[in-house]
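So this first bit is one chain, no partners, the form predicted alone, shown in structure tokens.
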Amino acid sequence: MTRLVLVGAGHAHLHLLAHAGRLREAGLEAVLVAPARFDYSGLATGVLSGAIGREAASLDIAALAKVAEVAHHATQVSAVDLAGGRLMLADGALLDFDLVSFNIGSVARDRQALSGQPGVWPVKPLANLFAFHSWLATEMARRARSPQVVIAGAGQTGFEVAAAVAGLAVRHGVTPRICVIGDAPGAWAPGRAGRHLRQALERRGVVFEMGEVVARTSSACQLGDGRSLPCDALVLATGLEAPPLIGALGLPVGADGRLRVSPQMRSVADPRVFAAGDCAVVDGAERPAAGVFGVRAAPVLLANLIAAATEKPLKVYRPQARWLSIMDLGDGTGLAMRGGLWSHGRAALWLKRRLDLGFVARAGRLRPGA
């Protein structure tokens, strides 16, 4: 048997669990290394705003692996010895591999090394965002007012987190106190959507400031231009990059440290190494970190792992040039965007909930060979 180690339980590897029988038929012994639960990013801001419970956005990976009859190590990979074909796990175990696939998502970019300081909450891993929700909800209830929240980053994630925090404040009957720091807020959105969304958030009490957060004190944030802003909680929404493990592989990486893979989903430098999702970037078809690409790549990854084990030609994955992105705005509305088109309203959020809750429900019901 050819040993295939699946590192991480993202969108693509959930698909592999569902088809574990096909892997076995091809002579692949699949082993999964991933935490016991998977938090789904599409519902994260819904949890943050208090609109849905965390259980609705979480999957029991240990249970799915058991049903799939896939050996599961509920831990993380701490180091990789590519030359020796061996993984070192965080619990001290060693795991040999013939093929390895990475689907470990992304982490928040932190150029100022602010993570780990008191009151700093990176948006990823998602467990941070859910812990931030618990802290915020407790503080709002205890103090009967909102803590001063500063969000570093005026991209799509920064806007969506601001909207979710504002929604949570309204649910607790307190006035939002939110400041978003960044350059060109809303420039990432098509047409007038960015300006429209910024104005909608300003009406809900969100303040926008130009600049960059460079330091954190016990009660303030320091900006690069010397200004100091009151801050009880700092959220890092400064963009996403691959987890450090990817860079430590010593293989070629692209933008934001993502593993460079061929259109066949394998490393451009090591044919034993495959990757999908936020931690990878396809040469010649660079796309931003978004769950839709992991979902679309999953069937190709499955086919190519089987092909690699059986010495057959590999398929090509072509990421779509346009994709649907829907933001949850924490007030019962959503902002849907695709290419240059956009729509704001309750229908957009209804569609988002239908798609995201449907994905989690289907993944939770997965059976090998389904």
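Being a predicted model, the structure only gives us computed values, none of them experimental. So that there is no doubt, residue numbering starts at 1 and follows the sequence shown.
Note that the form predicted together with a small molecule isn't included here; everything after this is about it.
Of the heavy atoms in T157, some are within 4.5 Å of the small molecule in the model of the complex. Heavy atoms of V47 never reach within 4.5 Å of the small molecule in the model of the complex, leaving it off the interface.
In the model of the complex, none of the heavy atoms of L16 sits within 4.5 Å of a heavy atom of the small molecule. In the model of the complex, at least one heavy atom of T75 sits within 4.5 Å of a heavy atom of the small molecule. Not one of A20, V67 and P299 comes within 4.5 Å of the small molecule in the model of the complex, counting any heavy atom. Here the chain stands alone, but in the model of the complex its contact with the small molecule, taken as any heavy atom within 4.5 Å, falls in 99 to 107 among 144 to 152, 261 to 269, 218 to 226, 99 to 107.
Contact annotation: of the candidates A289, C231, I178, L249, the single residue with a non-hydrogen atom within 4.5 angstroms of the small molecule in the model of the complex is A289.
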